[in-house]
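Here's a solo chain for you in structure tokens, the form predicted on its own.
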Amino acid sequence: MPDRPAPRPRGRQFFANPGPTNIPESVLRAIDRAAVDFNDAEFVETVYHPARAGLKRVLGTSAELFMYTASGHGAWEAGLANLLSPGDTVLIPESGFFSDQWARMAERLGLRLRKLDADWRQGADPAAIEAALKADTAHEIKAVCIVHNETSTGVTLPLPDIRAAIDAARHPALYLADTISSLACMPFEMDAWGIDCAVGGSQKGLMLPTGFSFTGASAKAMAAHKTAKLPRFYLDWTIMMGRGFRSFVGTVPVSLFYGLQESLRLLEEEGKDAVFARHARLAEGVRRCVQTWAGANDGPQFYCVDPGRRSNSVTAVLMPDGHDAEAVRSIALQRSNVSLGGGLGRLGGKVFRIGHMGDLNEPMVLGTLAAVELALRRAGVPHQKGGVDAAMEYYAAS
């Protein structure tokens, strides 16, 4: 008989991936229901419209909101396809794997790409963005696309500073921001920050299953949409505006809206500021732990070298030379039933990622950190002991 894979350890898995994230029990129970007609008046009036309004509050916008049965990549494509025309130029500053993905998508859609080089360990400099826009005296650049929180690197970019850079350059480009792994985890204010198109997804701070995404579109974006000529149908905002739902060219994912209604209730019950403070506090405990592991710089290091840009959603940990991040991830999963994020793209095998967003508390974080420290020992990775103690000391004092 063929060999069977070794069974995973018993007990509940500690899921510390930076997306998808843990789904609260009450959200799971809200989703767990029989199908209903999405045109039914009771669903539309008591679930759909209130959830839509709540999502706009989370985004910090009174602008248009379009929703899709798709992952965040679908919302990216919707933003580009609805705002731009073949041959238009977009400026995409490097921040990591996902900025590269956005750039590849733009090229595949027939757009011209200006990629602004940046060190993945720090992310783009707003001054460099301003300089690139000032140099574009013909205003060929039609959109600037920024990943707010780069999930692959653990780097967060300052969106208000980038808005200020665009304004200082006196450039008319649209401002697109990916808020997939920052929304409902850290401050994000679409209207106040002058963002024209905000891209979001369900499976991170909103604590929902994957498969639901959305874009907020400012008045400036809607004006650009009127003349945009990239081909589209399922993602077409004009078609959506002709429907009572103002979204979804096709079937509405009813079950996810019951889940969204509950996730919004949980977020509003806790309060926006408290949600952000919890994420910041949990993230700082993780950072204290990683800083201890680093020792005299011979152990695992922060991938993000700028302390002011370290994410409150995810921490990417760079392995010492000669050591494989995948070995640490495998040991954590197979021996301790703790699931960590892996390195993406060119960071494969070089980093592992600890997600600390969504439905999370101190015991969950400490259990994850303990399992990672144990995996480092088992894998023979040099590190200074006491990382978990450092996190506990911070939590006890804060």
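Numbers follow the displayed sequence, beginning with 1. Fair warning: this is a prediction, and the values are worked out from it, not measured in the lab.
Keep in mind the form predicted together with another copy of the chain is missing from the figure; the text below concerns it.
The contact with another copy of the chain in the predicted bound form, taken as any heavy atom within 4.5 Å, belongs to Pro231 out of Pro172, Pro307, Gly244, Pro231.
Of the listed positions (Asp273, Glu269, Asp117, Asp167), a single one reaches within 4.5 angstroms of another copy of the chain by any non-hydrogen atom in the predicted bound form, namely Glu269.
Taken together, the three residues Glu94, Asn297 and Gly349 lack any non-hydrogen atom within 4.5 angstroms of another copy of the chain in the predicted bound form. Note on the interface: of 186 to 194, 138 to 146, 125 to 133, 201 to 209, the segment with non-hydrogen atoms within 4.5 angstroms of another copy of the chain in the predicted bound form is 201 to 209. Using a 4.5 Å cutoff between non-hydrogen atoms, Thr61 does not count as a contact of another copy of the chain in the predicted bound form. Of the heavy atoms in Ala51, none are within 4.5 Å of another copy of the chain in the predicted bound form. Though the partner is left out of this view, Ser330 does not reach within 4.5 Å of another copy of the chain in the predicted bound form, counting heavy atoms only. The closest non-hydrogen atom of Leu55 lies beyond 4.5 Å of another copy of the chain in the predicted bound form. Along 347 to 373, these residues reach a heavy atom to within 4.5 Å of another copy of the chain in the predicted bound form: Asp359, Leu360, Asn361, Glu362, Pro363, Met364, Leu366, Gly367, Ala370, Ala371, Glu373.
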